[in-house]
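What follows is a single chain, given as structure tokens, in the form predicted alone.
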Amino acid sequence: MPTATIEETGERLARLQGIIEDLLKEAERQGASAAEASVGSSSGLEVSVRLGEVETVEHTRDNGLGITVYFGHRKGSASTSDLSPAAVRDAVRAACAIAEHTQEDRCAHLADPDLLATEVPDLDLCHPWSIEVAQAIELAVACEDAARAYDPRIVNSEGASLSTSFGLHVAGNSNGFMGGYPTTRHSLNCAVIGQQGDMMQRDYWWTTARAAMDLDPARTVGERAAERTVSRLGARRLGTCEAPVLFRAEVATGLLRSLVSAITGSNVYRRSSFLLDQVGEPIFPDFVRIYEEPHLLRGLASAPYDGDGVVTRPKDLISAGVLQTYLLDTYSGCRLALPTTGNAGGVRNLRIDMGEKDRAAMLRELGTGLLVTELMGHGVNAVTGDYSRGAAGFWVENGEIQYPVEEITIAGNLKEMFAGLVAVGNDCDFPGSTRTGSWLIDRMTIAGE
């Protein structure tokens, strides 16, 4: 995929900024008291292979623009994928027409000008990958070949795919904010199928990064996918019991996402969270610190400003086990009579302080219980915190894996699970913007046969 020069990138950013400026002027001309807009442009390449043969080669190019206008405290929004001047004017007119029919909302307004980002630091987010289609196919095939050759029990494949993308994003509003920057993202993944007797299992692995040089080798990704698949062969069911549960690191990210959902402003002001009125209260044991790092260099979720244009800042969500803050954008902050925390669009680069125990040590800490490696379903009640998910993994005795298990359900309550966190491992070995080791929960209900 050809890469843009620094000069070309600068010219394209300037063009997108010009579109935002024209759009804001058009909104003012049509009588809006305030307006905000964002525009993005992206291009990329994706190839997929299966059983050594090319399945798809896709070159992508996308544009998108969103505009929100305010007439006092009445708001209207519209979007378009056409960036021509006429289409931009039509989008503004559509947003204004919608605003005419909406009710007044005292919290429908732009962010305070004093909170807006005034500069865009270089977070090292743009590393275009000048890879030709033939090279991309070669890497994907090498990844799948490594998986298929790993063990004779690997009998089939769902394929491997490689993708690379380059994007530009610009946002601005009538309070004087204007910001934009380029980003890249590259990934390689593979999924294979194993068979032992009449039993078949499937698993996968992946790597993703801002810079191609930070991707894991294709062979490593393929072999990891195969190793995970083979380890699941011979799975059994468990009888119903109560036992400690160890969530493997990449699965423990789901518990962090449940925490984030519970403290997101929209759920708090709607009173649909099991963590209402809990700021300043202990949620976890006192060894737990959970935080976000929005300015992490090359971070997969790094951003200098949020969706409202408010400057992003590092912050602790949990410190010494105590909930420090809700995650607020301008609107939800207004509804709760609190200032925005710069989290319009979500949390960026979520982290938990990891302990000293590696994977083997965490298994020894578990002793006898369940190691969860996969979760299924969406059995999380955001209001009560009740938690019930289909699961697969391994039964562990005396700190040693005994056999794989499947077709089980694990159940508990998130508030009790958070309070019952025994340890966090240092075994974070997967890519992603959320970084955590494995989590050991003191006790959960395991439903099986």
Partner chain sequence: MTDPIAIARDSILAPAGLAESDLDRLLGSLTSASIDAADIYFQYSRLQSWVLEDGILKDGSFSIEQGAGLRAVSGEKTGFAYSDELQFPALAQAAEAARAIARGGQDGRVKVGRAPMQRRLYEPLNPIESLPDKEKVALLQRVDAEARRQDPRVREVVASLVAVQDTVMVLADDGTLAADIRPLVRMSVSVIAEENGRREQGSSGGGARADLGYFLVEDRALGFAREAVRLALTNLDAVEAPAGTMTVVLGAGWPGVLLHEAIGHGLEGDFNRKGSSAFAGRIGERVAANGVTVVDDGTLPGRRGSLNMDDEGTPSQNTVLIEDGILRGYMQDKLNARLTGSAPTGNGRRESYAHLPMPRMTNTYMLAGSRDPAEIIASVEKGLYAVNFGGGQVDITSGKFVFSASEAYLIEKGRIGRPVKGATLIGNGPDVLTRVSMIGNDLKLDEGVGTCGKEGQSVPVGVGQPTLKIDSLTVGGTGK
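Here the structure is a predicted model, which means the values were calculated and not measured. Numbering follows the first chain given and starts at 1.
Only in words, not in the display: the form predicted in complex with the partner chain, which the text now covers.
Engineer: Verify the contact flag for residue 284: yes if a non-hydrogen atom of it lies within 4.5 Å of a non-hydrogen atom of the partner chain in the model of the complex, no if not.
Structural biologist: Residue-level check for residue 284: no, no contact with the partner chain.
Engineer: Within 4.5 Å, heavy atoms only: does residue 217 come near the partner chain in the model of the complex?
Structural biologist: No.
Engineer: Check whether residue 305 has any heavy atom within 4.5 Å of a heavy atom of the partner chain in the model of the complex, and answer yes or no.
Structural biologist: Residue 305 lies outside the contact set for the partner chain.
Engineer: Consider residue 232 of the chain shown here, and say whether it contacts the partner chain in the model of the complex, taking contact as heavy atoms within 4.5 Å.
Structural biologist: Yes, residue 232 sits close enough to the partner chain in the model of the complex that at least one of its heavy atoms falls within 4.5 Å.
Engineer: Since the chain is shown here on its own, which stretch among 98-106, 320-328, 364-372, 118-126 would lie within 4.5 Å of the partner chain in the model of the complex, judged by heavy atoms?
Structural biologist: This holds for exactly one stretch, 98-106.
Engineer: Among 423, 32, 408, 39, which has at least one heavy atom within 4.5 Å of the partner chain in the model of the complex?
Structural biologist: Only one option qualifies, and that one is 408.
Engineer: If you check 131, 178, 200, 288 against the partner chain in the model of the complex, which one has a heavy atom within 4.5 Å?
Structural biologist: Comparing distances to the partner chain in the model of the complex, the residue within 4.5 Å is 200.
Engineer: Has each of 61, 335 and 388 got a heavy atom lying within 4.5 angstroms of the partner chain in the model of the complex?
Structural biologist: Each of the three qualifies.
Engineer: Go through 76-98 residue by residue and record those having a heavy atom within 4.5 Å of the partner chain in the model of the complex; state none if no residue qualifies.
Structural biologist: Contacting residues: 76, 77, 78, 79, 80, 81, 82, 94, 98.
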